[in-house]
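The data below hold one chain only, encoded as structure tokens and taken in the form predicted on its own.
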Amino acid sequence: MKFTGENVQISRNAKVGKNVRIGDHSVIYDNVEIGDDSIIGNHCIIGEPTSDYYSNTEYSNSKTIVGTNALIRSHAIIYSDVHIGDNFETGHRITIREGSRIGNKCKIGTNSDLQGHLTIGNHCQLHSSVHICQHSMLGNYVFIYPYVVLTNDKYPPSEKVLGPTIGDFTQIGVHTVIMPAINIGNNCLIGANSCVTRDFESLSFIVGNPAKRVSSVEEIKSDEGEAMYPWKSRFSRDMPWEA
């Protein structure tokens, strides 16, 4: 059973699971699959056609998949050819372009913009106003804080674009910019307002403009002398290892 608000449009070629709620004025396009127990807020578009729709009379939407137990808040736009895992959650006014592949239990914050043809692993959290460029690759448990920008064009404008690769458990502080084709290892911490212009190995504490490796994250201690990183050993809220 699905529960729909006012003026909702659902394509006959869409598949909507059990106990799905769809808010007022939302549109579900062709070849969309929405998993059981999901909530789609007001004024959302799922399966938005790509630009080919406007010039190709034989255009057909690619499959768009939203897993089970999603919470997609109002004014979200998710294009066709986006595959999203289970337990997905968004803020308001997010955009996810075609070719995006997103794992399980990920969160995308308000006003964030994912430009497509990118990969995001499981349990990633992108806070508000984050920009992820095309051809980026995020591992698992990557947390990206507000106003971070990932870029992919080293010599703009050009035809050769490649986004950054971010390793598992890495944290990226507010207002950071990561330049094209950069590789960041696992369990890194990038401080606020950094501009990352080169690769860094795993366990790096990275700060500055241009960013430099200050130390290993294992050297970072709390005021009480507690080791703070890798953070998995001290943080469990909403994580699979939560007691």
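These numbers were taken from a predicted model, which means no experiment stands behind them. In this text, residue numbers run from 1 along the sequence as written.
Although it is not shown, the form predicted together with another copy of the chain is what the next lines describe.
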Checked Thr165, Thr119, Asn111, Asn140 for heavy atoms within 4.5 Å of another copy of the chain in the predicted bound form; positive is Asn111
Evaluate Asn87 for contact with another copy of the chain in the predicted bound form, applying a 4.5 angstroms cut-off between non-hydrogen atoms, and reply yes or no. no
Evaluate Thr151 for contact with another copy of the chain in the predicted bound form, applying a 4.5 angstroms cut-off between non-hydrogen atoms, and reply yes or no. yes
Tell me, yes or no, whether Pro49 is in contact with another copy of the chain in the predicted bound form, where a contact means a heavy atom of each within 4.5 Å. yes
Does Gly99 reach another copy of the chain in the predicted bound form, with heavy atoms at most 4.5 Å apart? no
Is it true that Lys63, Ser204 and Lys212 each have at least one non-hydrogen atom within 4.5 Å of another copy of the chain in the predicted bound form? no
What residues in 91-127 sit within 4.5 Å of another copy of the chain in the predicted bound form, counting heavy atoms only? His92, Arg93, Ile94, Thr95, Thr110, Asn111, Asp113, Gln115, His127
